[in-house]
Every structure is written in structure tokens, then in C-alpha cells.
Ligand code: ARG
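Heads up, the chain below is alone and in the form predicted alone; it's given as C-alpha cells.
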């Protein structure tokens, strides 16, 4: 049955262009562009071939696309391994090199030569060598009659056996991922470089211009870029950092267009989008909008207000907390826009209509009725069952693991204790070495007094809002046993007595013998409280949530198979899962609400309109103001003499596409993807061509800044600048 369904899937994937998904929608596998997308892409203005985009026989665009540290995308822009990505993708590296004396976050950084480029620990750059459909091998022997456990066990066995048969070089790795909710599998052969050095970054007043106020918002004026360089050994192969490593020579790098963009121009975004869920049933979408997002937004809103006040009051705190504040605020604002977008585009009504059509077709076919009629009623039942557990899970994760940092340390310490209990001193010492390295960096950017304020506020919210009563008991018991009179007094006392609030205290623990250290850790008040919370959560919430969610995942896999089979006139692209994808669209304006229309481009004049002297979000460096006043833009100005900053397109993007190149019809770099418009952040769940837009830095603004502001014209000379529109 599985093989039969796969054959059906392959047939459906080869449908004619007239039956394609909405232009601009979808995140497509580059391997399949020739059969699925090339005709449509050319009809939209693309001048390349699918072979120019993805090839294993010659250098192609995919050889310039790099997975940056496993979370962002980057691209090669010179023959000497120059790597372009977002400022926010390189933020933690820039921060790690910053101090009050050399504040690269505030002032920016530009290496004057190769020897001045800064070495980064644990930073990786991964290329995709080739992609193959391996469904036949991975799903060998899998049948519909199998339960989930047996099914996954066989898939795992098949995967391990198959990996042993793959022809690859010793320096290459293999990644196999499920697609279409586990109905299909693809293999990615990868090549990872680990000597990646910081070359340049603008000051955060440029790279983060607008900061949290403008995050997810259009019009945008952010120069969100940073530059790194990949280094290799003398054979151009991956190597750990060494002084005699040399700049990497790529198979392909992206030429850079100086011609700019206009409304209607073809755009392609190439990268590693993280996660989307386009095929959720209506019950899931309703739960996200009405229950889960409001809870997570409320938690982060309170944490952010506390941290923001502390950052504004102390410049040192601002440096320490800048990166994690941005990280917390990012999805807080995204969830707000997502919920609003799902409502404004009537996503639930669309889901209901689709499900109505699905059931009508299923009930009209005897075989489908037997196989698929139960799916939607079962979804309704399961989502009702999981709701209190899902809500409690979000409160617990956002409180214990995301926003109260002391409890995150407790989790690490619990892992250390577990290693000792299970593997003795050997297990303890092995984990301690890794943990100590992590905690050194953690405490560099940690203030216990700030964390205490967050803990007091969020634990109060947790006690008030979680729907499952038993999860509150550890908190109530801890407060009672401490002898304090209030939750605020309890948290103050816990932080005062805990050995996990400074690196020096932790080091003192680690200097003890493993047995003594473990005893001290177990006696710590934060450890007692945190591990009790975790135990109750695991037993009373986590296990029950996972059991129901496992049933939902199985149902989602079957539903995915069903809708592909039931709607042979539709094309279904796979959800994003962190693997290489192509999305394509056009430079396009949009109208988010009545009487409002957003144009496609912003200019440096808009930066000056927003300028607020000394403001941490909207300050502008003096040199940039001078360049603007003198109109000293070099060859990078638009044809109207203005300096472009950002533009928008209809490309379908998500988290992980940060740093992805925006590529023109000829294969040249025209911009750097870094965000989506707020009205369209719901595109992870419901892409709507009317308001879903991605935001890109115009590459000419990047070149202007490197050349005129940073004075790093030697980098410009490495690049290949072209004028494709003048051909």
C-alpha cells in the first residue's frame, strides 16, 4: 500500500502548470524544480534554467548557498569564500568579540586585512553536495497496518542500513529527512566547514535599526547584514582553525547586480527555511489563535518589559542582554502578527471550506470513505483532549526553560547529576567539561537580580493561569517550606541562597569531588524547586501531552496522504523542515487594510525621517548622516539618485530563511532576506498572496555601506558586480 501511495504522490507532483499552487506560494526542493516549477518560474520572468539553480554535474546556485550555524542561511559572494548573512544571524559572534573597550555591537567591526578577521568558536558553514529521493529504501517493508512504534523502528533500521551503502567522501555527512509528514524521504549529502571568521559588521544602529519597534514591520530601514569568510585547508577541505588555513574557493559564488529592482521583477529566495505547518486541520488553527498564542504572548510581554527597563537603565546590561532580548522579542511579536493575520485572511473559513470539500469527495467514494472519513472527527476529538496539556506545556516551557534563566541552569545541573547517578565519575566529568564551557559564556551575560524579577513575575502568572492544578503544587509547597510570606519573598530567598547565580559559585561547586558536588547540587534550593517542577510536569503533563500528540502526528501523516490522493487537481509542496528550499515570487506592493497601500522600496531618506538622536532603536551614526547630506552614494544609488535600503517581495519564507539571498531572474544577488511583514507572519500556517511579503535589504545598500561608510573597498574588489538589465 505504501509503495502504491508513493507512486500516486509522484504522479501528482508532475502535474501541469495550470494546476499549480498560487504563484509565490511554496518552498520547493531544488532537486525537483525542472519537473515541477521551471515552466512557471520562466512564465514569471526567470531567465535561468533549473540546471543553473541545482546541478551535481557543474557549479550551480546551490553551491553558493550555505547553512549558517544550523539556524540561518548565508551565501558566497566572492571567489575567496566571502560569506554574507544577516546581522542578527551573526549577532552572537559580534557580541562575543565585544567589550566596553571594543564595542563592536555599538561601533561595528571591519577587518582591514585577512589577518584581522576574527576567529569564532563553534561556528559552522554547511553546503549541500547533492539531494536524492530515498523513499523506496527508507520505507521498504513499511505497511499501513503497522503501529507507529513498529513503523518508526523499521524506518530507523532501514535508514541506518541505507547510510552504510551511500557513496560519499570521508569529510561528507548524510542527513535523511521525512517529507509530507513521513510519506516520503530525501537524503542530503553535506559538507561542513568550521573555520568561519568575522570580516565585518555595521554598528547595530544600522544592523538593528528600528530594533523591536520595527521588527516584522514594513516600511523597514534596517541594514541587517554581516560578513564572514570560510577558511579551508590547503586542499580546500574542511579543517579546524589553524593559522595556515586559507580562504575557501567555492564551486560557485553569486554575482551582484547593481541594477536594483522594480515592481513586478522576478525574485527567488534560496535557503534553509525552518518549520511550517500548512496542512493543519481547522481545530489546530483555532487552538493556536484562541488559546496557545495569547498565553505565550502574555508571558513574554511581561518578561520583556522587565528586561527592557533594565537595559535602558544600564549600558553594560544592554550589551549583556541585547542578543537574548532580541531572541525573546522576535517570536513574541511574530505570534501577535500571526494571530492577527490568520483572522484578517479568514484562515479558519478557508480551512473549513477545504475540509468540507474533502469530506464531500471522501463520502462520494466508497474506498475513500472507509479509509479517510474518520480523520477530521478524530482530529476534533484529539485537539479537545490535548488543549489543557498543550496550554500547560507552553506555560511551563516559556516559564521554566525560556524566560527564567536560573531554572534553565537547574536543568543542566540535573543532567549532570543524572550522568553521575548513571555513569559515575566518568559520566560526571565528561559532561562537566562541556557544561563548564557553556556556563562560562552564559554567566558573562547573566544578572541574577534581573532574573529574580522575571522569576517572581512569571511564577505568579504560572500559578494563576495554568489549567492543570497539580502542576502548581511544587510552587505552593516550595513557598510554604521556605517559610517566606509571599512568592516575591520566596524567589528573593531562593536566588540569595542558590549556588547557581554566579559563575564563581558554580566553579566552587565543580572544584569539589564529584560525589560532594552532586550532594551540594541536590541540596541547592533552586535545584530542589526546579527538579520537583520538572518531575511533576513530566509525569502529569509531558507524558499525557506526548501520548495525545503522537496520535495527532499519526493522523496528520494519514491526512497528508489522503488530501494528496483526494485532490488530484492540486499540487502540495512539502512543509519546511530545515532543508534546502527555493521559493519564488515577485517584487510586489500590498494593501494591508482599507485605504492603505505599501510600496515596494524604502530609501535612506526614510532612515533620516525616523532618526532620534541617542535612541537605542532609531539613532543614526554621524558618518551615515554626513554621507546622506552630501548624497555621497557612489555607484550604488537608484536611478532617481536616491539610496535604496530595503524592498519587499511575495516569496514564501519563514524562520531559517534569515540571511537567504534574494536572487534575480539571471541568478544575481539583488538583496538579503531578513524578515516578513507583520500582517503576513501567519504564512507558516496559511500563505495568502494578498498580504504575505518577505523583507530584504537591497544589496546596493550593503555595498554602499561597505564602500563609503566602512572604507572596506578591498571587499568590493573581491566581488563580481554586474548590470544584467543593461544587456
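Bear in mind that the values here come from a model prediction, so they are computed numbers and not experimental data. Residue numbers count along the first chain shown, from 1.
The same protein also has a form predicted together with the named molecule, omitted here; what follows describes it.
(message) Can you work out which of 330, 411, 192, 96 has a heavy atom no more than 4.5 Å from the named molecule in the model of the complex?
(response) Exactly one listed residue reaches within 4.5 Å, namely 330.
(request) Would you mind picking the one in 317, 326, 176, 154 that has a heavy atom within 4.5 Å of the named molecule in the model of the complex? (result) Only one option qualifies, and that one is 326.
(message) At 4.5 Å between heavy atoms, is residue 212 in contact with the named molecule in the model of the complex?
(response) Output for residue 212 is yes: heavy atoms within 4.5 Å of the named molecule.
(request) Tell me, yes or no, whether residue 419 is in contact with the named molecule in the model of the complex, where a contact means a heavy atom of each within 4.5 Å. (result) Flag for residue 419 set to no.
(request) Examine residue 664 and determine whether its closest non-hydrogen atom to the named molecule in the model of the complex is within 4.5 angstroms. (result) Contact with the named molecule, no.
(message) I'd like to check something about residue 674: if you look in the model of the complex, is any of its heavy atoms closer than or equal to 4.5 Å to a heavy atom of the named molecule?
(response) Residue 674: yes, in contact with the named molecule in the model of the complex.
(request) Look at the stretches 31-39, 696-704, 57-65, 674-682 and give the one with heavy atoms within 4.5 Å of the named molecule in the model of the complex. (result) Within 4.5 Å of the partner lies stretch 674-682.
(message) Just to make sure I understand: among 216-241, which residues lie within 4.5 Å of the named molecule in the model of the complex, judging by heavy atoms?
(response) Contacts from 216-241: just 216.
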